[in-house]
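In the form predicted on its own, a lone chain appears below as structure tokens.
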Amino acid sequence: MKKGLCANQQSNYTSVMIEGTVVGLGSADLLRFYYYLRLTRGLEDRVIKLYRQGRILGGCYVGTGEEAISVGSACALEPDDVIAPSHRDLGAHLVKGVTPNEYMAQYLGRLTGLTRGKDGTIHFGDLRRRIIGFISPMADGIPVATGVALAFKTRREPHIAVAYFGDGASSRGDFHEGLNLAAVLRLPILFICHNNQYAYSVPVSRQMAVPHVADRAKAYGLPTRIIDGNDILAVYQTTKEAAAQIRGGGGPIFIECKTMRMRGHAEHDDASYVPRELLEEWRGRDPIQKCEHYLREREVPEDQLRAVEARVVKEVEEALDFAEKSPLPDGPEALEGVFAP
């Protein structure tokens, strides 16, 4: 058994990469991946500090260590594909066009945030950008994304829906209902699971009697892929191939991304239930470090990497400045945008 995986998780998942290369990807593509990985981490790190300073009301949810899943998969999609992200998928939001300014204003409850101050944290979406909003009950985005996929099939539109969720969400009824309907109707939907190895505090070995979350999908007849979720090239390539197969009428596909949640479920959770040695092992498999390794293999100059880092620092601080200068919502605003026209 591979060290660091939970007791009932076998280690036979594989990276689809061969020496860190993907056909059709150049250094510019890798630098784009690197930018979104860094931007996701930079924004979330800044929000964590704001939370600790008491400047954010409500919770703080981040995806530290899992950024390759959301960034790599979103970069492999077409602009008109619809995503239903989880609370660990800021990277997918950014790739789809959500700006750092909007994200920071959202967390500070400002009128310029995606929900115009009506909600905080990562509880937002944007239908203009083909993003279904995330809400607290885990797996609730799955049946909604399945419905979107049904609409695509009914209208004969060449798009796919993508539902993101964690291992804990796979123990909810919404997960099973969504997968079953998608399989029976052969809907154009891609299911992407962050296998964090822990739900809120429960390890996968206490959630299910099968080795992989993907085994649950197999029970409904879905083809599955199990990959290294910390390898952005593996995520990108697998998503690209799966999306093409789905778009061609092949029906739904399930991708399980093995990863590790490097912080608590939220910032109020210290994750003391996770063995320290397990976290240390996964810290050495950081997705940003992996991407840097690929860039150096391509002999991308070090100054280009540093330029990306400097750009991200600047954008994060500009986003915070924008949010702090943005107005708070007024009373009458509370009734706007609540109901669909």
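Residue numbers run from 1 along the displayed sequence. Every value quoted in this text rests on a predicted model; they were computed, and no experiment measured them.
Just so it is clear, the following notes concern the form predicted in complex with a small molecule, a form of the same protein that is not shown.
Out of the listed residues 186, 172, 225, 129, 172 is the one that sits within 4.5 Å of the small molecule in the model of the complex by at least one heavy atom.
With the partner omitted from this view, the residue of 240, 247, 118, 265 that lies near the small molecule in the model of the complex is 265 [heavy atom within 4.5 Å]. Annotated contact segment (heavy atom within 4.5 Å of the small molecule in the model of the complex): 133-141, selected among 227-235, 249-257, 98-106, 133-141. By the criterion of a heavy atom within 4.5 Å, residue 199 is counted among the residues contacting the small molecule in the model of the complex. In the model of the complex, the small molecule lies farther than 4.5 Å from every heavy atom of residue 93. Not displayed here, the small molecule is kept clear of residue 113 by more than 4.5 Å at the level of heavy atoms in the model of the complex. Shown alone here, residue 87 lies within 4.5 Å of the small molecule in the model of the complex, counting heavy atoms only.
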